[in-house]
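Quick heads-up: it's one chain on its own, the form predicted on its own, in structure tokens.
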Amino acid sequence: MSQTTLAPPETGTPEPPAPAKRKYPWYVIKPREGERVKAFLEAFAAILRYSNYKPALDQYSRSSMKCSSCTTNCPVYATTHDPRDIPCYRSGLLLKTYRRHFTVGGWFAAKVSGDPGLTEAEIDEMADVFYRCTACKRCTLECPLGIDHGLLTHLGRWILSELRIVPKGLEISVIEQLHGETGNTSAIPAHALKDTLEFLEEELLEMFGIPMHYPVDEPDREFVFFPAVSDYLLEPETLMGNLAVIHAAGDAGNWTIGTGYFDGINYGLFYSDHVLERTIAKLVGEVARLRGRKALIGECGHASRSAKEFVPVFGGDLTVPVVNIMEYTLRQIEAGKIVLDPNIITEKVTYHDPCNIARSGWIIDQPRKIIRAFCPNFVEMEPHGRNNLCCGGGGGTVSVDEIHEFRMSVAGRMKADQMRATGAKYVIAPCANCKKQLKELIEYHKLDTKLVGLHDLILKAIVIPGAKSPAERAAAERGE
């Protein structure tokens, strides 16, 4: 595959801040000095014993990782040219610790050379650089040795989290999801969920002139639906578009939303396999409770990837197929069940590929086929698809408000330039984290564009027999 080599941007966007020595203030609890080395090594040893990371670490630790080919594909390094942002440098910090403390050769070499091993300063450096990485895995496309630097970043974060060195935003949300009364990352109680769904039904009735219904706790349905729970607070058009598609496809009696668990978000994907596994257990447990046959995930990229890749790993006997709503929508369009009016969205439209569903090649063509079915003025960002640029908030960094300036002027700077270059009126981003980051980028860089979900636009253009036409709905929206 031909790759695009990144170069520093040449636009009028703000210059990145000069590199500076710092310790990010986002530790929930900072272990006392002198205790962290022992705790880090104990956590590392436990993870090696009870997981399957060791074969990968054995392989990677035998590699020199000094070619720095990964720098040509890293948007963060292309912006900063800071050695800390070289993916193989960051991975090397963890692999050095692994070789020194968990291999016979490394232990012997350290004894001969007098190497004291892991230090407090190295732990501080790892805590810093592992959260400068957006875990987009773009570097893996260029690495000649096939090293997964995103995986090593994740492992390093997991070890640090066992020391309670973890961003507050991630920890607080996970505590509510796993231990709180609401059981979800946005702390939405079930009664508030029902109120929201009733409100959206009223909006749809006014919009289309026909009733549509969100089924709740209905057993024996094919699909149990899990959007990013933040959609219920922040993305009503996306949720209404989801319902309009399912209703128009004739599947109104074939899906449900559960009140036992209704959050597709899984922050364990960003920093802890322990959290990842427990959150997957909640998802498959809800499907089993309702006797559903498949998990239908909303547009969200990270919610989709965490379910698609890890339900088979952690689901056990409760494992079910995972379907993304964009896959479902495309199938209905190709089957002739969904008709979209191509005369409604005439403005220029572009599409942002969320790393979590595009980097592996899973969801790339599906949204584009949908967009081209009703958006005649579609333009691509360059690069795109599997080689896309991260929004700058990947790997959970979008939840770390303390590094907002870094996300805006460094991690997301090239994405802002990329959006500006398209001249698009609408930027479609089917991911809760990407939406938050891109909305902030648009405001920060003063871009003349609007961020929407794919089903937001489908809601405007979908044709439903017996309902108000897209043209009538557009006129009503304009107040005509």
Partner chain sequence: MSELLAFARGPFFVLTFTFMILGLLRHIGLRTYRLYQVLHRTPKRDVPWGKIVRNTAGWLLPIRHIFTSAPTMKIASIAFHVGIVIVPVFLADHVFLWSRGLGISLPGLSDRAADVLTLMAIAAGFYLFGFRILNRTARNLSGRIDYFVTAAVLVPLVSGYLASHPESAPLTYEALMLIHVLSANLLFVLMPTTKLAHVVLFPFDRLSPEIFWRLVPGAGDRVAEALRGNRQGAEA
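Numbering follows the first chain given and starts at 1. All of these numbers come straight from a predicted model, not from anything done at the bench.
The following text describes the form predicted in complex with the partner chain, which does not appear among the structures shown.
- Item | the partner chain: the contacting residue among L200, L151, A127, L193 in the model of the complex [heavy atom, 4.5 Å] | When the partner chain is considered in the model of the complex, the option within 4.5 Å is L151.
- Query: Pick from I47, V37, L454, M414: which residue has any heavy atom within 4.5 angstroms of the partner chain in the model of the complex?
  - Reply: Selected residue: I47.
- Item | Partner-proximal stretch of 179-187, 393-401, 269-277, 214-222 relative to the partner chain in the model of the complex, 4.5 angstroms, heavy atom | Every other range fails; the passing one is 269-277.
- May I ask you to state whether M65 is within 4.5 Å of the partner chain in the model of the complex, using heavy atom distances? Because a heavy atom of M65 falls inside 4.5 Å of the partner chain in the model of the complex, the answer is yes.
- Item | Partner proximity in the model of the complex: L93 to the partner chain, non-hydrogen atom cutoff 4.5 Å | No, no contact at 4.5 Å.
- Task: Report yes if any heavy atom of P116 sits within 4.5 Å of a heavy atom of the partner chain in the model of the complex; otherwise report no.
- Result: So P116 does not count as contacting the partner chain.
- Task: Report whether the minimum heavy atom distance between A421 and the partner chain in the model of the complex is within 4.5 Å.
- Result: A421 lies outside the contact set for the partner chain.
- Message: At 4.5 Å by heavy atoms, is each residue in E237, W255 and G336 next to the partner chain in the model of the complex?
- Response: No.
- Are there residues in 129-156 with a heavy atom within 4.5 Å of the partner chain in the model of the complex, and which are they, in order? The stretch 129-156, when checked against the partner chain in the model of the complex, contributes K137, L141, E142, C143, P144, L145, G146, D148, G150, L151, H154 at the 4.5 Å heavy-atom cut-off.
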